[in-house]
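Form predicted on its own, single chain, as structure tokens, below.
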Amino acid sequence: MIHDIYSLLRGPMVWLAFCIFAGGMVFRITAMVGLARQKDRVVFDYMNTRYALRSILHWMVPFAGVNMRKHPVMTLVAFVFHLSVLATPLFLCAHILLVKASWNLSWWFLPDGVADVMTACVVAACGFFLCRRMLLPDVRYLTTASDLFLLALVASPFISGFWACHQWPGYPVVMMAHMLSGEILLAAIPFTRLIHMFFFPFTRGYMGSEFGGVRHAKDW
């Protein structure tokens, strides 16, 4: 029974999650472009590659923006979180071995110790974001149940993956929970606020072009 569920999660469920993710991304990006054109007919006419790239690259540098320097703890946690949440699953040795076994593809991977530290950073950052939403009045006012659900959804694959990797008691069941939570997370990206990771270049490019090419000012 456990073997059948494992095979389902490793095979058909992975493909289903990727298909939902890919289809959802195409739909959301197409809808965003259409909506932008509808609301502002010249939105793409003054898009400027130079100012767009300047803005994107600037906002990818920690503490480069004025607002980042005003909130140093939040900035540090946010940058460590985003780096870890993207790099850990992509460069985890166990994940790469699965890809190697399935498609004979492989690439550079993180040492296990580094992956453990980055996993801990993701979980700790989720805890920080949760406390921030609960303790800061202005943030708590804007917090909804979906925000808390997303925090749990992001943290779940990392907690369960760490547990399964170290083979703590019950790890075969936890491994399946890890796979399922990861697939749910992947499928949910296009339909939740997590899509900001893909919208970021568009929104920053738009803001950079407007401020740099039209207003002749910086957007940070």
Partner chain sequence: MTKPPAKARPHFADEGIEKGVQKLTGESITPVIRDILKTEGGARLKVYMETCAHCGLCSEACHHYLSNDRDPKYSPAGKVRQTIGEILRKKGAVSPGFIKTACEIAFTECNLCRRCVMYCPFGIDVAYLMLFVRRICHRLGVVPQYIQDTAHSHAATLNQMWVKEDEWIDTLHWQEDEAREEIPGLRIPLEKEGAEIFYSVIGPEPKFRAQLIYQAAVIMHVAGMNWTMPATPGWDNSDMCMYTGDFEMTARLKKAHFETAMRLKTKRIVMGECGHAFRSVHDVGNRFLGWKTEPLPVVHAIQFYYELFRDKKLTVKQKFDQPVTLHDPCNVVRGAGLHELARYIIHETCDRFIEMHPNREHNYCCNAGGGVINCGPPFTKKRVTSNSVKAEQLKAVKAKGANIIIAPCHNCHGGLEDIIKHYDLGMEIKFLGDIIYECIKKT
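Keep in mind that what you see is a predicted model, and the values were worked out from it rather than measured. Numbering follows the first chain given and starts at 1.
Only in words, not in the display: the form predicted in complex with the partner chain, which the text now covers.
- The partner chain is not drawn, but in the predicted complex it has no heavy atom within 4.5 Å of R50.
- For V14, no non-hydrogen atom is located within 4.5 Å of the partner chain in the predicted complex, even though that partner is not displayed.
- When contacts are judged by a 4.5 Å heavy atom cut-off, V73 does not count as touching the partner chain in the predicted complex.
- Contact annotation: Y206 falls within 4.5 Å of the partner chain in the predicted complex, judged by heavy atom distances.
- M32 is the sole member of L57, M32, V26, I184 with a non-hydrogen atom within 4.5 Å of the partner chain in the predicted complex.
- Exactly one listed residue, out of M134, V114, A120, L83, brings a non-hydrogen atom to within 4.5 Å of the partner chain in the predicted complex: M134.
- Scanning 127-148 for heavy atoms within 4.5 Å of the partner chain in the predicted complex gives R132, R133, M134, P137, D138, V139, R140, Y141, L142, T143, T144, D147, L148 in sequence order.
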